[in-house]
Each structure stands twice: as structure tokens, then as C-alpha cells.
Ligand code: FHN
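As a starting point, one isolated chain is supplied in C-alpha cells, in the form predicted alone.
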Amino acid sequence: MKKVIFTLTLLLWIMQGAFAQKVLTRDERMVWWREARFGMFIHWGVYAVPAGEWKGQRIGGIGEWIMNRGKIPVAEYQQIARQFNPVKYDPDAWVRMARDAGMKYIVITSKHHDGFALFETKASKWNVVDATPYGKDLLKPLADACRKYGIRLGFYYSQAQDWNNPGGSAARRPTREGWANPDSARIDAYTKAHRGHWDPAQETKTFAQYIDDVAVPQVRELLTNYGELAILWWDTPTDMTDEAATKLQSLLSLQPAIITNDRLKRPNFPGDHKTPEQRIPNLADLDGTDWETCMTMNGTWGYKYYDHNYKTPQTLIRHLLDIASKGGNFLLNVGPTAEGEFPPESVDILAKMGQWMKVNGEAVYGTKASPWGLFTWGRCTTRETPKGTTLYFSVFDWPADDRLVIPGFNNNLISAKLLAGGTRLKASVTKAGVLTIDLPPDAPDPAATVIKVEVKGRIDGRSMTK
């Protein structure tokens, strides 16, 4: 009998080892992300109710910072949640809009700096289920829709700054200049003396207690209750300690394939990619590390009813190509209304970008950076193929002589054509290594016309090898 028990135990141990989940390398986890290139950021919370205005005054800065910029007391801010009832929320439609725009992943603010959770949580009553008339978890149906349409899902989580849950940190920002508040001077003095806080209710616990009581259990809930997640997007490590960061980092074992950014705590917790915000890095700033530019469509992340200063679809398409030509990803933001709808300007931009991506997405997905750097007339992305290399020249400014000239070109040319429609173009390479492509007299697409060039060989430095 002992032999039987020993044998069964040994077999169980072997089976457990055989089925144990393989530990993925960073490169293995990053494969899909490097292929995706384009994702949607969503900033949504109770700050969409005041939508940039408090007590009749427009509060400057980005919409999701209204509590901090306006120095709104905790008790008053929490009353806003009673008006947060997003009955028009349609996660299926949101995900379809992202997919149709050519986006491959979504990152949503599960909890921003105001501490409000868009999900059901046992760690704090300051959440959509317990504090609003809507009373339902907003993340679960979004996770279901992402799985339905093959879009990867990530959660943004403000791990350090939290202006409602006691003990959370706060940025040392004064009240907005010009805000009509007779107590501004007093509030500013209090803020400076209390490490960014402006309400005693924010300081009834220590930061360490906040990490243990709110941040750690909430991150565990996020990593446990929503199926497979692709990204955990940390933000603003104000007052973070190595001890606190280690506690949060250890939870990632619950999602072995997850990707994280560089904002948990710098510099000891670099994550998997850098996060330049509202800007596209210069080539000189790139060091080979994976990176992702996050950017707003207008001037705010969270919804502000009066911000209609939107970038054009052409500008955003060119931003996407600029980023891809440097080997980065583009995370483009939408700030939904309190009712749960995307602003009409955002819907229009997404649709127009989607039209372009449907035809030209090949020049973006899974491509690598240009071997020549930047061109004055546009950008270049590359893809290795069994035959050699495919080059995608995205032309922003159509040459006056209808000819595209690329020096430092030493490979054998296979073909050149317009990506849209496939019209073949006359092209030649001189002995001096100059590629010349004859173009039609007018640009087929004013946003960016892509010329697809196939050559033999691989990219080597700033030129091509035979």
C-alpha cells in the first residue's frame, strides 16, 4: 500500500511539473505589444460629471484633476458620485469603435488619482457599485467585450496618488491661479505644509496603511476578477517607497503574461516600456527600450464639456506613423461623458483613422523603425519577409517633381507600388545607391500616401545589404 501511495504521489508531482505554467521572458510577453502599435486610452470617472467646472467656475488644467486643482473637500467631491449614472454606457460599442479605428488594445482608468474605482471592490466604499446610482461594475462588461472582439485589455491604476482614500499621496500643486476662492491663500499654505493634501480627511491614515488597506487588495482584485489582462499601467509614483512598490510588483505573478510600464517607482522598477506623455521622442532620445507615447485628442484626458480643441485625423495619423517609424506604440485617449458616451468629435476622429488604417494598417502593425531616420517629406517603417525586406514610405508632403528619392539604398529592388490599390510604380536604383520612385501627379491620400517597396536582403544600419 505504501508503494502505491508513493507511486501516486510521484505521478502527481510529475504531472504538476508538466502542467506548471511556463515563465515567460520579457521578449515573449512583449511580442503582441510590439505587433499592435496602436491602442486606446480611456480616462473615465466621476470627474466627468463636473466636466471641468466647479461652482460656476471653469477649473484650469486637465479634467480628471479637477478635485486637486480646485482643492475640493473630500466630502463635497464624494457627493458628485450621486450624479454619476452612465446609463448610456455601451462597452460593446466602445470596443467596436476601438477595433474599427485599427486599435489592438485598450487601457482604461480602473482608479485615477481621485481614488474612485470603476469596479466592485471590498477595499473601499468609494467605488461605482457602492457610491453611485448606477451600482454596477463597469470593467466586467468591458472585459467581456474585449474578449468578444479580440482586443487586449489593460487597466490603468493610480497606485500612490489617491485624494479620497485616507493615506494616499497628493501632488504638491497649489490652487488654480485666478480661481475665485476667498480661501485660496489658506488652502495653499495648508497644502505646502501637508505634503500636497488640502483636507484633514485625507490624512487620517498613513501612506503605508493606504498601500496595505487599499492599493494592494485592489490590485489583487483587478488581477484576479477580470480574466486574462494584457497590461497594468501604473501612474505617478508620488511618495512611493521600494517597500510599497515591491508589494504591488509581487502581485503580478497572478498574471504571468502581463506587461507593465515604468511608473510604479523610478528607477528601481523600470517595467517593460517607457511612457512619454503628450510628446513623441526625438531619435536622439531613444535608447533601444520599448516605449509608448500616450496622447490626448484634445487638451484633456478626462472629459471637459468646453474643450473642443481637437487634433485633426490627419495630424493623428501622421503622429502614429512618426511613432511607428521610431519603433514605438501610440496610446490615444478618449474621455467619455458622465452618461457613458464618447464625445462626437472623438467618434468622428476614430472613424476617419479607421478608414485610413483599413487600407494602410500594413505599414503600421508589426513593423520596425526606419533604417534612415526621418525624411523631410514623410516617414518609413520596415518589415522583414521570407524574400527580404518590405519598406513602407509614408509620404506626408508630395514632392513637387513627383519623384521620391532615397539615398543609401544598396539592395536589389523587387517592386514598388501604392499600398492603396496596388498600382505599380516605376522605380530604379543607381550604382551610387540612390532609389528613385516615379509618383503620380497628385497624392492619392492627403493624410499619408504609403509606397510599398520590396527588396532583397535585410536592413543593416543606415543602408541596405545585398
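None of the values given here were measured: they were computed from a predicted structure. Quick note: we count residues from 1 along the sequence shown, nothing fancier.
Omitted from view is the form predicted in complex with the ligand, to which the following refers.
When contacts are defined as a non-hydrogen atom within 4.5 Å, all of I62, H112 and C294 contact the ligand in the predicted bound form.
The closest non-hydrogen atom of D262 lies beyond 4.5 Å of the ligand in the predicted bound form. Shown alone here, F409 lies farther than 4.5 Å from the ligand in the predicted bound form, counting heavy atoms only. The shortest heavy atom separation between E76 and the ligand in the predicted bound form exceeds 4.5 Å. In the predicted bound form, the ligand lies within 4.5 Å of some heavy atom of W233. Comment: the ligand is not present in this chain, but in the predicted bound form one of W356, W198, Y210, Y156 has a heavy atom within 4.5 Å of it, namely Y156.
Just one of E228, D242, D348, E277 comes within 4.5 Å of the ligand in the predicted bound form, counting any heavy atom, and that one is E277. Contact annotation: the ligand lies within 4.5 Å of heavy atoms from the stretch 37 to 45 in the predicted bound form, the single such stretch among 419 to 427, 51 to 59, 37 to 45, 432 to 440. Residues from 340 to 361 do not approach the ligand in the predicted bound form: none has a non-hydrogen atom within 4.5 Å of it.
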